[in-house]
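The data below hold one chain only, encoded as structure tokens and taken in the form predicted alone.
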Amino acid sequence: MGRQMRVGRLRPRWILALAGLAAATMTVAACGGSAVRGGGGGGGDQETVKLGVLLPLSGVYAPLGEDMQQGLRLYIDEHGGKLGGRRVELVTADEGEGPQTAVPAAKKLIQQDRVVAVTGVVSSAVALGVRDLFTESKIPLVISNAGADEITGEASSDYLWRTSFANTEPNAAFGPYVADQVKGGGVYVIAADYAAGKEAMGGFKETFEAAGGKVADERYTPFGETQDFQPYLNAIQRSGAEAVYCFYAGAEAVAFVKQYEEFGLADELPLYSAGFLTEGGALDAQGDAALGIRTSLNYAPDLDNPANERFRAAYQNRFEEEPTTYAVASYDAAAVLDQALTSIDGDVTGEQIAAALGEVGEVDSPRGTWRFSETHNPVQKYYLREVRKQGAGFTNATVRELEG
């Protein structure tokens, strides 16, 4: 299958991220065509559309941004550099690590680069911070990661769409399964102390307790600051819990999983989590410490459907690594924009794209078919996954579809 895929070793981009270093690269990707008019009140010519990409290009979130860029580029390249039959010009801007950097970058895309739509965004705080800007400018933002429930809830907008997930969902999908596994025993709940962690635990506890589960204890660790989890692991060991449910991602996920195994808890208490705990470069860094961990997510690389077979083979051949949920969400962002643009005749405006997104039907995705809800969030399946050996490395293998 072409070049050999990199499995089971820490990717260079994750070495930088886990060390908290900033990558010094900022690129602008272009796929044919010349600059066209776009943005508020503007339009595009009939042959080219200008699409903005707002992602972290440096810092701790850069690995997610890279996966997202790769998924987006793969779809566009597979379609001859076109969406909806029109050449695509991509203009990439750096989201940075919060609204203070992302808002000016988004304004530039809309006001100076005059794009007709934007995709990307890793941070929920960023998505909420730019919501009004996109709504008032009448430019659609197709979010391919940020999971704050509010984005497709109380803060929903005609111009905000999401192809990834809401934070509560993968955790809520897991609650009944974990309750069945512990059979009345208590589960220790631990997560990073920030909005995503609180939303994740809220989703889990709601369905877990409804299914008869009991929370043994609940702790939140300082977000982005906790490196030594030993005090919390001591508390878990003394709690009498039958299992642990956590929510961590990125560097914190690596530290927690490694220390959980080193402390001896991996052999005593099953560890469950939303799939971000062992996704992508985090799993590469965790290595053997992650073996056997079961997670819930909307994608696994080995899903058995024709769309995923094609996507996985193409992604591995081009990027020499397994695809992640972050790459799939961006691949699907391109797919829904493709559908929307196909239905538009003549010049293209943001208003037309937003209206056309509302007419997008089922998406034939590597994750399985899905569709938008009334508030523009994916209605999708979630899967039970388990970390297993794969060749010289590791993978999140599908166990089965989660119910509910």
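Here, rigid core means the biggest group of C-alpha atoms that superpose within 1.5 Å across both forms. The first residue of the shown sequence is 1; numbering continues from there. As the structure is a computational prediction, the values presented were derived from the model and not from experiment.
Not on display, but discussed next: the form predicted in complex with ligand PHB.
Although the partner is absent here, N167 sits close enough that one of its heavy atoms falls within 4.5 Å of ligand PHB in the predicted complex.
Interface residue remark: V348 is not counted as part of the site for ligand PHB in the predicted complex, having no heavy atom within 4.5 Å. For Q316, no non-hydrogen atom is located within 4.5 Å of ligand PHB in the predicted complex, even though that partner is not displayed.
When contacts are judged by a 4.5 Å heavy atom cut-off, A146 counts as touching ligand PHB in the predicted complex. Stretch 61-69 is the answer when you ask which of 373-381, 61-69, 359-367, 334-342 has residues with heavy atoms within 4.5 Å of ligand PHB in the predicted complex. The candidate spot formed by Y177, Y272 and T398 is out of contact with ligand PHB in the predicted complex: none of the three has a heavy atom within 4.5 Å. Of the listed positions (Y326, Y245, F311, Y299), a single one reaches within 4.5 angstroms of ligand PHB by any non-hydrogen atom in the predicted complex, namely Y326. Listed residues V189, I76, L128, A196 were compared with ligand PHB in the predicted complex; A196 is the one with a heavy atom within 4.5 Å. Applying a 4.5 Å heavy atom cutoff to ligand PHB in the predicted complex picks out no residue from 250-267.
Once the rigid core is used as the reference frame, the Cα position of G84 differs between the shown form and the other one by less than 2 Å.
Core-superposed comparison between the shown form and the other one: the CA of A172 stays below a 2 Å shift.
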